[in-house]
Ligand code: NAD
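This document starts with one chain, in the form predicted on its own, laid out as structure tokens.
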Amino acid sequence: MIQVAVNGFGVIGRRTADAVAKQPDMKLVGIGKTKPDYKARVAAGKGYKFFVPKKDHQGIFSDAGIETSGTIDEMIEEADIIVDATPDNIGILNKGLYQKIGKPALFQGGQKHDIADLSFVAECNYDQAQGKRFVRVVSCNTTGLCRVLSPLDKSFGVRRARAVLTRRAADPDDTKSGPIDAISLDPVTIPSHHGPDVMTVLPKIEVITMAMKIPTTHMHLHSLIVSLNESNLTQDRINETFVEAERVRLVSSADGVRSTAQVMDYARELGRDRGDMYENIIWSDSVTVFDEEVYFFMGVHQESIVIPENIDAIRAIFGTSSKEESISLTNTTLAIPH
């Protein structure tokens, strides 16, 4: 059993902890947390152990009726690997602690590429993670782009990809972020950071991205134009490639899925934990071919898409499973069909 500690219990941390708890080859050592909020109360009800930054924090949790099991330093000592899901400016500070104790760690996509030895997407570079000390699971948008560009490249060869990212402004529990009643260019300059980030995983594919934020919490929506090396393309051939791709789900407007809100309602109807959609969502009827270019719309659920990648990255680092074995097991435990 791989002993896994999750340091940070926000959007990604709490989902990763639940996913680790479902794996037959992993054990959740505990959670590093600073505040005894409602998220902590729910997790305590699941039997999860809490570890705090300093012993002084134990009294804060105790006063809230939540038992703690020690400090984060003690949790790290007990673990084989740490999933760092702390805020972006904290992860880089934590790296020094992990190095000092000699434990491998996963970082999230909000961190810069150079925090780790490898930027990771399971389908693209699983085997390269074996033996690495520090691996960065790339962001939701980068993960989504890599999942579709990699199979297109394998099937047809990608010359260039262009994407406009219409991004959610905040997560559902975030009442401090905006914009409100505005469309915000994020950034104004082109390309946005997403294209270069994709190239940390798929260095041979040229990706140019533009991004904006809109007042929604549901999902990101990507509008893609991908230039391929093959000219004899059809909508059916492209959709068949997506059907065969890992963690890609096709939907259709004919089934009533015409917005990101309906995608999230679909996830709830599937009975997913928290109504999460781990897969890329591609509208099959949006897939359009003009000569050597393919156009399509893609939805990315920012809260959950990287959770399977965190689980696969743990196995990849220790080399306990092949890529195919790990992806299959992760998909099974998270009820992702394929």
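For every residue, the number given is its place in the sequence shown, counted from 1. The model shown is predicted, which means the values in this text are computed figures rather than measured ones.
The same protein has a further form, the form predicted in complex with this ligand, not shown here; the description that follows concerns it.
Although the partner is absent here, residue 312 sits far enough away that none of its heavy atoms falls within 4.5 Å of this ligand in the model of the complex. Using a 4.5 angstroms limit between non-hydrogen atoms, residue 20 is distant from this ligand in the model of the complex. Shown alone here, residue 110 lies within 4.5 Å of this ligand in the model of the complex, counting heavy atoms only. This ligand in the model of the complex is approached by residue 306, whose closest heavy atom lies within 4.5 angstroms of it.
This chain lacks the partner; the member of 247, 168, 222, 194 within 4.5 angstroms of this ligand in the model of the complex by a non-hydrogen atom is 168. Out of the listed residues 214, 90, 257, 210, 90 is the one that sits within 4.5 Å of this ligand in the model of the complex by at least one heavy atom.
In short, of 63-71, 40-48, 274-282, 296-304 it is 296-304 that has heavy atoms within 4.5 Å of this ligand in the model of the complex.
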